[in-house]
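Presented below, as structure tokens, is a lone chain in the form predicted on its own.
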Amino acid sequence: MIAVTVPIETPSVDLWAIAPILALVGGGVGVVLVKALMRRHRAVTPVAFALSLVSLVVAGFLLWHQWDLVRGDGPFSSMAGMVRLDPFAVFIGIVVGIATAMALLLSYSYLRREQLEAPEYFALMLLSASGMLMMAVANDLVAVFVALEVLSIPLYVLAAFDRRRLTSQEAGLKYFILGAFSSAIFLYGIAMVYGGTGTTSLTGIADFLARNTLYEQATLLAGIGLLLVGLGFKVAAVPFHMWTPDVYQGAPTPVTAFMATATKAAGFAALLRIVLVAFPQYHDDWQPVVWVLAALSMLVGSIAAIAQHDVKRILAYSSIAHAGYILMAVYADTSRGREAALLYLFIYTFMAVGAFAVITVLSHHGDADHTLDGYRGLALRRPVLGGLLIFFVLAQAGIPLTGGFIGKLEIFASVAQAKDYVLLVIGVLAAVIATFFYLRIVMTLVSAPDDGAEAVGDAAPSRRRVDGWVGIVIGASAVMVLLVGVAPGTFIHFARDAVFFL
């Protein structure tokens, strides 16, 4: 007797939905092959760097094509609904791509200076970026978790990449241990949400909750809370921020710039999708949690930064405060709030990378001394670089005619529109407090150094000419921060288009 064979139905796969991810993965694998084939050749690092840039350019063109595709034909799903391509995903992909490209450009001269020329560095950065793009398009909690691990594991290695510095090894170890805990918490949250709804699909969860009333909601609510904890770690929200200052200080500066921007964008992409797509009916439950996270992040980030004496640690606490501002927009739960969150992520990318790019140029060999005293009088000795660093920190403070002012204005307006004036007052108060430590950096840069004290820019290595790639990053960041501040309309519409289908 011959059994009747039933054909297995396989899900349809539209490769356009994941084309930029494939480009970055292909670039990372290509770099590993180059390393294997040219391991004793002098040109292995330049070839790996060129291949990395090519893969990023290809991914950029594919993201541009995706933007035209979803704007014209609308969003679509692929891979049994686990992937959803819409303007929101493409916008986050563009932000991640920009941050990755600028971090790679910073890294090339940095690795040569620190004698860390290792092609696998570029492969790790590309593979981590592919995980970030995956988080942007993920429409299933399991896909989000896989993307989170693809994002995180290369970052653990990158943070500890300078094996000669104990602070770099410490940064990688702390990030790995706390990251493993956060991943376990996130996975446990997925299990509890599945137990409460019977699915891990974001749209499937929303559909189930819209058609059914849960009489016992403890399991689902606990799952939502654990998901917020796991993602709170990635976006460096208080009280899940304890790793941030040590990791930002110890990691190589280009890696710090990469983590502060691209990782934050990916984390908020997953957070927005989960709370707005899967749990819109439960906004009364997750909104108070986000309110507390936003308020604590802004206040703790702004107040703790005042006590710091290391520039990278100050910017780390600043990053925590900026995460609080974005959480304000998430809490608003309005179209304008989502628009403000995306706009702020876009602007913050250039403000943060620009500041870290200047720090990369000015740091001594070893990348270990970033004390405020070392930066004293920098603007007097090197007026261009010092002036640019002042510009970037004042933009983060939110002075007018900069992108930081427009970003904060949009976020505060979205919270005012939601009529939560208490959170609005906390946000304004945190911004005022943060202005103090930003101005502290400015005053240090324009103050005359103490007699006999060695400052950044005095030693011969720090008088180096700015590398061409680094100069491009600094110049592009400054132009974009100024352009958004002077003519914000185009960028506001860009963010508005991105949230139309969310």
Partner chain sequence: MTLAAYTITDTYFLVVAALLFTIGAVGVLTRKNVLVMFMCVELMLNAVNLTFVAFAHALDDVAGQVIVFFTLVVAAAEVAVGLAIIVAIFRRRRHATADDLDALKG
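Residue numbers count along the first chain shown, from 1. This one's a predicted model, so the numbers in the text were calculated from it and none came from an experiment.
The protein also exists as the form predicted in complex with its partner chain; that form is not presented, and the subsequent description refers to it.
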Open item on the list: Considering non-hydrogen atoms and a 4.5 Å limit, does its partner chain approach residue 412 in the predicted complex?
Closed with: no
TODO: Look up in the predicted complex whether residue 142 has a non-hydrogen atom within 4.5 angstroms of its partner chain, and give yes or no.
DONE: yes
Task: Any non-hydrogen atom of residue 421 within 4.5 angstroms of its partner chain in the predicted complex - done: no
Task: its partner chain contact at residue 282 in the predicted complex, heavy atom, 4.5 Å - done: no
Open item on the list: Quick check on this chain: which one of 308, 203, 334, 77 has a heavy atom within 4.5 Å of its partner chain in the predicted complex?
Closed with: 308
TODO: Sort through 287, 167, 371, 109 and report the residue having a heavy atom within 4.5 Å of its partner chain in the predicted complex.
DONE: 167
TODO: Considering its partner chain in the predicted complex, find the one stretch among 186-194, 101-109, 391-399, 339-347 with heavy atoms no farther than 4.5 Å from it.
DONE: 186-194
Open item on the list: For the three residues 153, 173 and 219, which mark the spot I'm curious about, does each lie within 4.5 Å of its partner chain in the predicted complex through at least one heavy atom?
Closed with: yes
Open item on the list: Using a 4.5 Å cut-off on any heavy atom, which residues of 237-266 would contact its partner chain in the predicted complex?
Closed with: 246, 249, 250
